[in-house]
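Next up is one chain by itself, shown in structure tokens, the form predicted on its own.
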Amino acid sequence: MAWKIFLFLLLSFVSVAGIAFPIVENPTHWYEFPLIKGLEQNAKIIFFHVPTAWLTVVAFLMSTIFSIRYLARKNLNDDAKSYAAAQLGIIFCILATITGAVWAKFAWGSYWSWDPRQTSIFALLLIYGAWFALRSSIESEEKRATLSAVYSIIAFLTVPFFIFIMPRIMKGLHPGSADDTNAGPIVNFKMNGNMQLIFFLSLTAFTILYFWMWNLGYKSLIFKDKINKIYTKG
């Protein structure tokens, strides 16, 4: 229970700090963030956009790991863990897309411009959206788990390319693109101490939240499966 209170307080703090702390040209107080060239007032989105993008990768990686474990052990609990991770992965992928679109509106004047970063995350949504469609079309538990595991492993091979490689080798508007002369504060960690503290606290808070949600998610799937089997036998 204590860790849940800690998580609530941590999320509350980073949310308030990320939204309310002002960005000024010459910070003189601990609660002030510096003005960053190229990002300016839009820099605050990094406290929410980057953690959601980070957890997208973590979730899809975990889904793949448990897919491999399922193929090795044929334990349906591993399939439930993989499925729960993928569910959260798609949620955080959508959140990363939305927060990125909001930032793009203020930075570039449009919510969507098919920047390489936007294109790559849209591709991931399509790839993993197809994975959920595949699962829903198969009734047999074992067959569904096996095909889902194979698809998950293949799908994750695209994640490093779409998240880390493609947006950096192509010219685009997003910080960190091939033609970005400012390099972006997140890419090179050029934030000041105050900003880095809030950023890493936000990463920590969102990561703890993810693992809590994942733990609840896969346990509920396993419990639901047991209930369905009892009901079917009855």
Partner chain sequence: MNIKAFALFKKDFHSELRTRYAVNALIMFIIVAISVILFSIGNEKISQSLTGGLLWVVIFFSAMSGLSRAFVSEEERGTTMTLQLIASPSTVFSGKLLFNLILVFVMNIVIALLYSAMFDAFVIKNFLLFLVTFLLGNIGLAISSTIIAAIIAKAGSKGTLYPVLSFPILLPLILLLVHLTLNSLDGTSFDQSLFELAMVACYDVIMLSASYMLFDFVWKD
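This structure is a prediction, so every number in the text was calculated from the model and none was measured. Between two forms, the rigid core is defined as the largest C-alpha subset superposing within 1.5 Å. Numbering follows the first chain given and starts at 1.
This next part talks about the form predicted together with its partner chain, which is not shown.
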> Since exactly one of S113, N77, T99, T158 fits, which has a heavy atom within 4.5 Å of its partner chain in the predicted complex?
Replying inline: T158
>> Which is the contacting stretch out of 195-203, 161-169, 25-33, 47-55, given heavy atoms within 4.5 Å of its partner chain in the predicted complex?
In response: 161-169
> Within a 4.5 Å heavy atom cut-off, is A123 in contact with its partner chain in the predicted complex?
Replying inline: yes
> Even though its partner chain is not shown here, does I94 get within 4.5 Å of it in the predicted complex, heavy atoms only?
Replying inline: no
>> Contact with its partner chain in the predicted complex for K105, defined as at least one heavy atom pair within 4.5 Å: yes or no?
In response: no
> Going by a heavy atom distance of 4.5 Å, is Q87 a contact of its partner chain in the predicted complex?
Replying inline: no
> Within 4.5 Å of its partner chain in the predicted complex: all of I5, L11 and A59, by heavy atom?
Replying inline: no
>> Given a 4.5 Å distance limit between heavy atoms, list every residue of 122-149 close to its partner chain in the predicted complex, or none if there are none.
In response: A123, L126, I127, A130, A133, L134, S137, I138, K143, T146, L147
>> For a quick test of reading the superposition: does W114 move by 2 Å or more at the CA between the shown form and the other one, rigid core aligned?
In response: yes
